[in-house]
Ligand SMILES: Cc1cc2nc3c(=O)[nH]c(=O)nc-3n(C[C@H](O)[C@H](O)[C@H](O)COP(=O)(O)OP(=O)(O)OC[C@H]3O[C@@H](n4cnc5c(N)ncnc54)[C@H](O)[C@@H]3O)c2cc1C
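Only one chain is given next, in structure tokens, and it is the form predicted alone.
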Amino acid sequence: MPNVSGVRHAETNMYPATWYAETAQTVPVQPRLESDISAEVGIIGGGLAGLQIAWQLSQRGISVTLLESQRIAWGASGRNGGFVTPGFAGDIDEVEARYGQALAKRLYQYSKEGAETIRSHLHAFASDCLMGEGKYSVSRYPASKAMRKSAERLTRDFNDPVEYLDTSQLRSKIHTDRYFDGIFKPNGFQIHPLGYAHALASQILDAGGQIYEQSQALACLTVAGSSRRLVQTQSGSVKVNHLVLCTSGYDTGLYRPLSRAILPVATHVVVTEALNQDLLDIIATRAGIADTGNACDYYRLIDDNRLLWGGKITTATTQPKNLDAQMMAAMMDVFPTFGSLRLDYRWSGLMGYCRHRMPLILQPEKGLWVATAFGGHGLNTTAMAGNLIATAITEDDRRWQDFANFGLLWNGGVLGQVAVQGSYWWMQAKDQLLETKARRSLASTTV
């Protein structure tokens, strides 16, 4: 990706003013849909889920039309932390406890295949989007037993090699006394998500797929006497045999059961000015780093030696007025010497969650598919959804049915939003208590 010298604070080529938008290669705006057309498959939502499905189908010679209300990857798909690792927003141990080891293993394998799909794309047509290798998950309080068990389980039962790091090993790699235990996933990697989305879009167009931007789907009607659907926009329509909904946290109510199941959750990101060598030496890795707390700070060094820092997950979907102060406080809590850094970029994005915290990959009606609610783990799982739904449509592959247990549960509406936010606060309070105990214990041993 090209370097950036200087900062612009206006929208960049119709995208929000993010570091990603400033550094992605310029991609021509795709036309609005302004006629009545037909396709075998229609996709609503131009985030990574929609793009992955469209890519898979176009490579198979299937006629596909994708509608996006803004620009490709305008939402969370083009604004996320860029971390690619196997797994889900939901805990795979909980999935195993409830549904059995065999299903848990299959689901995790699908998620690995999703990450491998992205890796193959980087090699084939998006090499400039790879930004770093490896992923650290770190604990802000002593958790050696749990972290060691997790590393062993992922390595042994899920064939995902993971290395456990004790306190001294971890702090020799990431220089802060806030972390106690960690695991390292060598197969994880980081990408420029907006650049990758643009590369996917180019491949879809080259294969004959159609992409229409600024073309919001306003209505979805079933064609009388068939399972075909007609999607209407302001100035056109598309008639399809299969329709896939990929709207995530930006759902607009086209299919009510889906709208009732999705809970939009916000996360926030800032990007600093370039770090000097002393500060770079404190982090000393280009791997991604995320803590295991429920507030979940995540960060990585990016091009120009800047630091990308994200977190503050909340059900409040508006950007806090004091976002800079909140993010700087979180950063300085881990790295006190970073307090002098200037923040050059800040943005927010909406993720789609369900109560069960697993993706929605299902066919609720004949010819109607849903691929959404990836819950902050959407880089590998959107590619996974592309693999599963494309083969389901073209080959009658039934693997998608392994997600049947994770259906369209009502999110509880406003009360559900309040309940989820309350649970976040409760879990964060427990995290804070454990952190405080750890710090006091550390202080008492050094007196």
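In this text the structure is predicted, and so the values were computed from the model without any measurement. For every residue, the number given is its place in the sequence shown, counted from 1.
FYI, the form predicted together with this ligand isn't displayed, but the following is about it.
In the predicted complex, segment of 374 to 382, 24 to 32, 392 to 400, 54 to 62 with a heavy atom within 4.5 Å of this ligand
That would be 374 to 382.
How about Y250: is it within 4.5 Å of this ligand in the predicted complex, going by heavy atoms?
So Y250 counts as contacting this ligand.
Within a 4.5 Å heavy atom cut-off, is V269 in contact with this ligand in the predicted complex?
V269: contacts this ligand in the predicted complex.
is_contact(L200, this ligand) in the predicted complex, heavy atom dist at most 4.5 Å
Taking the distances in the predicted complex, the answer for L200 is no, it never comes within 4.5 Å of this ligand.
Within a 4.5 Å heavy atom cut-off, is H242 in contact with this ligand in the predicted complex?
The answer is no: H242 has no heavy atom within 4.5 Å of this ligand.
Using heavy atoms only and a 4.5 Å cut-off, decide whether all three of M147, G182 and F335 touch this ligand in the predicted complex.
Spot residues vs this ligand: no contact at all.
Interface residue in the predicted complex among I211, A76, A115, V138, criterion: non-hydrogen atom within 4.5 angstroms of this ligand
Partner contact (heavy atom, 4.5 Å) among the options: A76.
Selected contact from L323, L279, A207, L350, since only one has a non-hydrogen atom within 4.5 angstroms of this ligand in the predicted complex
By the 4.5 Å criterion, the partner-contacting residue is L350.
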